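A single chain comes next, written as structure tokens; it is the form predicted alone.
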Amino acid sequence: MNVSLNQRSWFRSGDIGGIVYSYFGNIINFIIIAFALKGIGWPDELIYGRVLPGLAIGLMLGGFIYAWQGYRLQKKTGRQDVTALPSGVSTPTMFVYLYGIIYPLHYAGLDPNTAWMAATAACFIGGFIEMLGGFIGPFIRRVIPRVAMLGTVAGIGLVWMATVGLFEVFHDPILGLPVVLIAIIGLIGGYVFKKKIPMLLVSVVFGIVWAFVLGRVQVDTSTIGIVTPYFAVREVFEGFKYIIPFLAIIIPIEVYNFIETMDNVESAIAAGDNYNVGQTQIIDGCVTMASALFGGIIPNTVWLGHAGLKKAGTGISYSWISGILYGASAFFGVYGLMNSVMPPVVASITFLWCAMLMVVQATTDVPRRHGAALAIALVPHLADVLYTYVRDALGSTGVYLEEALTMNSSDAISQAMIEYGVAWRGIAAMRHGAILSSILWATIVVFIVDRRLNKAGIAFLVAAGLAYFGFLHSPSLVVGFNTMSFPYAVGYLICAGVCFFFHASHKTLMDVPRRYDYV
């Protein structure tokens, strides 16, 4: 049924909240990205002249296309209450790309410009994988248990986001504690000011004002001016040669990304807006690839929050208005100004909030019996963060761990730490391919809990293959019998044999309860 669109369809009061949620939520992500890149020496010309404008172009295109998608749905259904899908920089993926790809590229000795080219290539490949999600997503979702994906993201949130967020708060308690308290009161406690003013916005504005009062920030207008978009096709293709070792990170996190898009679109469908899941995943991938071609380094995704926006009366126009704001802010160099007035502790509240949601979702949106899978999914990420902090601490004193590291900790540096009492055995092996290890081990535990040892055996075979080719337990892709990861491939093959043996013989050799409560 077709109806003429009335004036109310073009803009609603609820669209204001949608703009705040979408635009300012992404601004905070931009500030996090700028803060992280400055920390490894990337120059302002690269950050504000190429990276953030490239990201903004992707978000602008996404805002326009999702508004178009919403208008099509509105016209198809004849309903006036359609809400456009919220989209933006994928926050979990952002942290993985920053700390799992870009930081290692820096520590491997690449200069900022070369590391940026590699990061754009990683983003482009990520977008391509997202696009494929429109075709292979349902199959992946059937194969990998939900807790394996949520547990992996929860591990990233816990060890990187929550810790960094709280560390920053306690670094400057007079500024940080009130800001994080206001955010928790609103975002977790559910308190809201009259007129539905979002508490995240309140905490951000309060943090900026309070930082000015305390003299923590100074306005920097040096980036204001006309910024010409940079077309980075050549750089993207040059960057491909640097990211082959990082495919073990890019592929699983993008699988998570397109599955999360599926979940978020399904949430929108449940709220009454029947969007096409596959079409939306393809849109995600295309705008991510477009972002990379203009210098962007972090993939886009459909965000959580559609149901909340719909309940608040948000329509469609907020999406294209936010798109215009992204483009204008990039074109006039506004992001550098925003970064100068936003103290790091204000950005850290988003770290903490997102991390808490990730951990809570992983514990509540899966069956209770799969809790052990969640627990084991966290461990590889703990190894990742411990390894990174130790390596960087030693590097600050002129001791470069990776120049001497052996996977079995037999090198002199590792032996010295072990003798001193540092829990170091196996850390390096588990750290390499942490995301894949997290997904695989959580999947294996789920299969064991669900009495499917034959599938656990298949998962071990997959792990053996990945280890043999260096995707697991190796700092680079390798093949052969004398590589660091070969013993792990053998171990996984033995485990696969054990699983297949028990599956074939359990009826004659064992008493297996139908259900077993291990807690």
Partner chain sequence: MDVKCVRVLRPYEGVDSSERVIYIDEDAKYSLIREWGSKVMVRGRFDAKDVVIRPLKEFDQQGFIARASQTVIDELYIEYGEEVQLI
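Please read all numbers here as calculations on a predicted model, not as lab measurements. Numbering follows the first chain given and starts at 1.
If you look for the form predicted together with the partner chain, you will not find it shown, but the lines that follow are about it.
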{"query": "The unique member of 104, 333, 308, 272 whose heavy atoms fall within 4.5 Å of the partner chain in the predicted bound form", "finding": "272"}
{"query": "Contact assignment for the partner chain in the predicted bound form, among 169, 449, 187, 236, heavy atom within 4.5 Å", "finding": "449"}
{"query": "Region of this chain that lies against the partner chain in the predicted bound form, out of 202 to 210, 361 to 369, 176 to 184, 114 to 122 [heavy atom, 4.5 Å]", "finding": "361 to 369"}
{"query": "Interface membership of residue 77, the partner chain in the predicted bound form, 4.5 Å heavy atom rule", "finding": "yes"}
{"query": "4.5 Å heavy atom contact, residue 391 and the partner chain in the predicted bound form", "finding": "no"}
{"query": "Partner proximity in the predicted bound form: residue 425 to the partner chain, non-hydrogen atom cutoff 4.5 Å", "finding": "no"}
{"query": "Heavy atom of residue 241 within 4.5 Å of the partner chain in the predicted bound form", "finding": "no"}
{"query": "Residues in 40 to 74 close to the partner chain in the predicted bound form, defined by a heavy atom within 4.5 Å, in order", "finding": "none"}
{"query": "Sense of CA distance change between residue 271 and residue 362 in the predicted bound form, threshold 3 Å", "finding": "closer"}
{"query": "Sense of CA distance change between residue 362 and residue 125 in the predicted bound form, threshold 3 Å", "finding": "farther"}
